[in-house]
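This document starts with one chain, in the form predicted on its own, laid out as structure tokens.
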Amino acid sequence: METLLLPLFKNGFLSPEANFFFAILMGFVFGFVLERTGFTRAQYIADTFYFKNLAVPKIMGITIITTTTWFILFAYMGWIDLNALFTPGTYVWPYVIGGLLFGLGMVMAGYCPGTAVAGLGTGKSDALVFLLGVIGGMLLYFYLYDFVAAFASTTKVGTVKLQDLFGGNNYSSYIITIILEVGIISFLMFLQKLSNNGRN
């Protein structure tokens, strides 16, 4: 009997059609959760950058902890092949500049692409404006790519995982991930407390 091994599509247990169906289904579920938790409201996300409401990064941190916990448990039980999970290559300076531009866009608009799509699904006009800007930026990057191609491929360091930086294996990387996320969440809560004291 063949062992069921995740990820199902990459290991041949799901057809492309079934994989597409489940992707659409999970997309609807994800959008529903975003709406119910308030992530589709621009003000909710914008408040994060002013340390008024840190629910978004705290939920993201808890999500990372929960997901990696399931991954490591499934790997331990032999249900998932961690090596079959896609990990993109790292380009240091392009990622730094891209991250700064992405963050600036989130501060200005209060959306990221995922929350904007969910927001558009609930009829929010500002989400539509944001997505039109995203599409415009993508087209601009496409047409100007020849001018930035050299920079976009600089400082390539390949696929980097935590065990590559600190040694160990997937299990030690999991422990480091938990420590980092708890530290980040604690630091953000400290900043929010300072911000609240400053406004009082």
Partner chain sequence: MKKDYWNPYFGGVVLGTMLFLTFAIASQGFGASGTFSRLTAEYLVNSDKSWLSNAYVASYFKHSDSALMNWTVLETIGIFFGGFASALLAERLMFKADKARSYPTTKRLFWAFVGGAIVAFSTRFARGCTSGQGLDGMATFSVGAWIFMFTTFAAGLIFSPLFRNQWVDKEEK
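Because the structure is predicted, anything quoted here is derived from the model rather than measured. Numbering follows the first chain given and starts at 1.
Not on display, but discussed next: the form predicted together with the partner chain.
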Is Y76 close to the partner chain in the model of the complex, meaning a heavy atom pair under 4.5 Å apart or at it? no
4.5 angstroms heavy atom contact with the partner chain in the model of the complex for G168: no
Does the 4.5 Å heavy atom contact test between T177 and the partner chain in the model of the complex come out positive? yes
May I ask you to list the residues of 140-173 that have any heavy atom within 4.5 angstroms of the partner chain in the model of the complex, in sequence order? L140, Y141, F142, Y143, L144, Y145, V148, F151, A152, S153, V160, K161, L162, Q163, L165, N170, S173
